[in-house]
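Let's start with one chain on its own, the form predicted on its own, as structure tokens.
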Amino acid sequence: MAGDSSSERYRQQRARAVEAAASVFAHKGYHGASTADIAESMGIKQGSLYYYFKSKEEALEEVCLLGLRDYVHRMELIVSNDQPFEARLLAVVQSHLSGYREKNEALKVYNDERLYLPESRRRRLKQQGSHYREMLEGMFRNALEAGVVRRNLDCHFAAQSVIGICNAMGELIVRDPQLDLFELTQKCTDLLLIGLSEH
């Protein structure tokens, strides 16, 4: 029993360390931050931080994974419900875009700093990103089979396009805090569902 409580305490402390790293990286940037900054924000000695991370690089990887997990989890919930395709697509766009407006420091670090990780450390991030895209592809395939999207739709390209549009609009959201998120979500979804031509 004692072992369980000590491992639970370690898990909680490590989660605190990841959140502290997210906050430091979000405010100072990866290159502007140090492990001493992370330790200081936790109120511990710098040497004690190595109990949770072996390096600043490892801390960045864990922060990026934390930022991605919430996105992926929300996508899992959206694709598993039985709402009509149009409602689920709206939910996907809203979920993706709202991440840029939320005070989610880990997600901000993922968006801004992940490319500083070496290829070997980006592998787990790519797996999560691929899982996200594959779930979206599956949603398009189900819509194709149900006859609610055009028969020649390339589901892989469609999923990549949704992600690309959301990422591009996310940059606008970050730059303009006054931007109406609901209106932008509607416009993006309408463009994806209806296109540009007059019907």
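Quantities reported herein were computed from a predicted structural model and do not represent experimental measurements. So that the term is clear: the rigid core is the largest set of C-alpha atoms that superpose within 1.5 Å between two forms. When you see a residue number, it is the position in the sequence shown, counting from 1.
There is another form of this protein, the form predicted together with the DNA, and it is not shown here; the text below is about that form.
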Report task. Answer with one of N167, Q46, N142, Q160: the residue that has a non-hydrogen atom within 4.5 Å of the DNA in the predicted complex. Result -> Q46
Query raised in the report: For Q13, is any heavy atom within 4.5 Å of the DNA in the predicted complex, or not?
Result: yes
Query raised in the report: Contact between R9 and the DNA in the predicted complex at 4.5 Å, heavy atoms?
Result: yes
Requested in this report: Find out whether any non-hydrogen atom of S41 is located within 4.5 angstroms of the DNA in the predicted complex, and reply yes or no.
Outcome: no
Requested in this report: Could you confirm whether L172 comes within 4.5 Å of the DNA in the predicted complex, counting heavy atoms only?
Outcome: no
Report summary line: Assert contact_stretch over 133-141, 60-68, 32-40, 152-160 against the DNA in the predicted complex, heavy atom within 4.5 Å, equals 32-40
Query raised in the report: Which residues from 46-74 come close to the DNA in the predicted complex, meaning a heavy atom within 4.5 Å?
Result: Q46, G47, S48, Y50, Y51, Y52, K54, S55, K56
Query - Cα displacement of L179 between this form and the one not shown reaching 2 Å, rigid core superposed - result: no
Query raised in the report: Quick one: once the rigid core is lined up, does A17 have its C-alpha move by 2 Å or more between this form and the one not shown?
Result: yes
Query - Core-aligned CA displacement of S130 at least 2 Å between this form and the one not shown - result: no
